[in-house]
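There is one chain below, alone, in structure tokens, taken in the form predicted on its own.
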């Protein structure tokens, strides 16, 4: 007799496992080039079994992007991102961003590779731009407080910080010798103190 949470005829698959396979395929082949047939083949189930979990490929994309963006947006909703010295808030947000990136690596990778070809992608890009603007405002606040240098345009600083953090998706491997915490420490040290020895 099946358990109440299991669905007959689809052993081993739930929406999250279908989503994980879809994100891997979207990252490997591109969203547009990935078909529901390809996902069914990867999962070893029929296309109709996938539709049992999600109505469309677009819904899989939306769920994946919500998982990435939801993690990032939650950082800014935390009280530590909204009170205290601006540089401390900035450090908290950057550490949180790195944590989300390393914990949700395939999902954030997908987010960073968006082109804006579909309405779902355009909505996600708008949410990402809103997140980026809030970080730029934190950089500017820290600059005005005098806790970070003011001779570099805050937009440039923000782009360089996020260029560094976003590049992590290309080379970081969870479970490798570099832990997520050590990675965050290294990024924070480089961003706030630079590479020169004191």
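Residue numbers count along the first chain shown, from 1. Computed from a predicted structure; not experimentally measured.
Here the subject shifts to the form predicted together with a further copy of the same chain, a form of this protein not shown in this document.
Within 4.5 Å of a further copy of the same chain in the predicted complex, a heavy atom is found for every one of 164, 187 and 193. Looking at 147-155, 42-50, 62-70, 129-137, the stretch with residues near a further copy of the same chain in the predicted complex, meaning non-hydrogen atoms within 4.5 angstroms, turns out to be 147-155. A residue is said to contact a partner when one of its heavy atoms sits within 4.5 Å of a partner heavy atom; residue 115 meets this definition for a further copy of the same chain in the predicted complex. Although the partner is absent here, residue 123 lies well away from a further copy of the same chain in the predicted complex, with no heavy atom inside 4.5 Å. Not displayed here, a further copy of the same chain is kept clear of residue 21 by more than 4.5 Å at the level of heavy atoms in the predicted complex.
Residue contact with a further copy of the same chain in the predicted complex: residue 33 places no heavy atom within 4.5 Å of it.
Using a 4.5 Å cut-off on any heavy atom, the residues of 24-41 that reach a further copy of the same chain in the predicted complex are, in sequence order, 27, 28.
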